[in-house]
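Given as structure tokens, the chain that follows is alone and in the form predicted on its own.
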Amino acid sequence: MEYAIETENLTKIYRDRAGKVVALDSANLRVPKGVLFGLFGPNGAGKTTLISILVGLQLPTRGTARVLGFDCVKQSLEIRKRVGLLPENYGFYEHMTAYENLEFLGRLDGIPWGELRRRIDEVLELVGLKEWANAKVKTFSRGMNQRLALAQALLKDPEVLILDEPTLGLDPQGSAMFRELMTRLVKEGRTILISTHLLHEVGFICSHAAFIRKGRIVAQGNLEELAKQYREARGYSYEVVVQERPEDLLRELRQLEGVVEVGLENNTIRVRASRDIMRELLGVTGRYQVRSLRERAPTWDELYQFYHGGGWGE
């Protein structure tokens, strides 16, 4: 598998008068190419420090990091040519318009003038700011500033997007626009790394994720890979929707080996088991009029609570 981002034993230690603070602790991250990847963790977990090292804004204490095959210490300029960054804290020149800010930043990035004008129009359209292109940034709301920051990240038409808390300040319409745009960009073949603790905003559009806790990557992979450990610890969940006689089916399901909990709501039976009982469920439900039978995958929120609680990864 090809990776857009790889780190190996990446460590960052800050030192002050009180001693040392370990912001990253031998973090090993693997982001496949062409996926929407979530870096999930609470504030202070090390997400922003990791991003800063990836784009060459900070040096690691030890370990290595590579983006698109380029070393983040030795080849940071090559990385910046190919990566669009939306930092958690950004700033624009408030006395300048949105267009003027993007023009200034684009020139700093060395984008040719003819291409730059075209790209500014395109990205302002993408983030829903085209009609405010000539408005001064000092008149913008926080959500509009966030949209402009996303436009800046897209300006160089990057292969990789790294977005730190990208939905902060966005209203529901802006969040929906953001999710739709991210899905579209991944379909075009880009790699997107989103760092956030707001899983309800972006978690469900991610195909892969890593959970970072106290500077360590405690788990990573696609949804199925991450769900495997969850199921082994918390059990398997199923939903059965029946047309009639749910009480009869309920009694039979309670007798299956490994079933630890069964509940009925209207005509939907929810089953939790300590092992995979799909084959047994298919056998039992075959004697009833069943509308649907499915295994319920854990949500990103459930996975987050699992990997960040209960001593996991300690």
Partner chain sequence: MSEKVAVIVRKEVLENLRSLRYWGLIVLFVLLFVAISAAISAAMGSAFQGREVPAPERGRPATRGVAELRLVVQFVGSLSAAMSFVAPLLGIALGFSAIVAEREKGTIRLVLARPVYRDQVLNGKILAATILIAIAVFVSTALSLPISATLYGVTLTADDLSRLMLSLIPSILLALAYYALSLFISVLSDRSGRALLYCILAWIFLTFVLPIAASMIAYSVLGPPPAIALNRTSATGVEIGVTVTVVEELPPQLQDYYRKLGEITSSVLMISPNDRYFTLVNALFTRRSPQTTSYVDLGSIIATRWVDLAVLAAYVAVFTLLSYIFFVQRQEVR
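Positions refer to the first chain, counted from 1. It should be emphasised that the depicted structure is a prediction, and the values quoted were computed from it without experimental measurement.
Beyond what is shown, the protein has a form predicted in complex with its partner chain; the following relates to that form.
Remark: none of the three candidate residues (Arg270, Glu280 and Gly286) comes within 4.5 Å of its partner chain in the predicted bound form, counting heavy atoms only. Heavy atoms of Glu103 reach within 4.5 Å of its partner chain in the predicted bound form, making it an interface residue.
Though the partner is left out of this view, Gly110 does reach within 4.5 Å of its partner chain in the predicted bound form, counting heavy atoms only. In the predicted bound form, Asn89 approaches its partner chain with a heavy atom inside 4.5 Å. Its partner chain in the predicted bound form is approached by Gln152, whose closest heavy atom lies within 4.5 angstroms of it. This chain is displayed alone, yet in the predicted bound form one of Leu198, Met96, Val218, Met177 has a heavy atom within 4.5 Å of its partner chain; that residue is Met96. In terms of contact with its partner chain in the predicted bound form, the residue from Arg213, Arg190, Lys156, His208 that brings a heavy atom within 4.5 Å is Lys156. Residue heavy atoms within 4.5 Å of its partner chain in the predicted bound form occur in exactly one stretch of 73-81, 120-128, 181-189, 231-239, and that stretch is 73-81.
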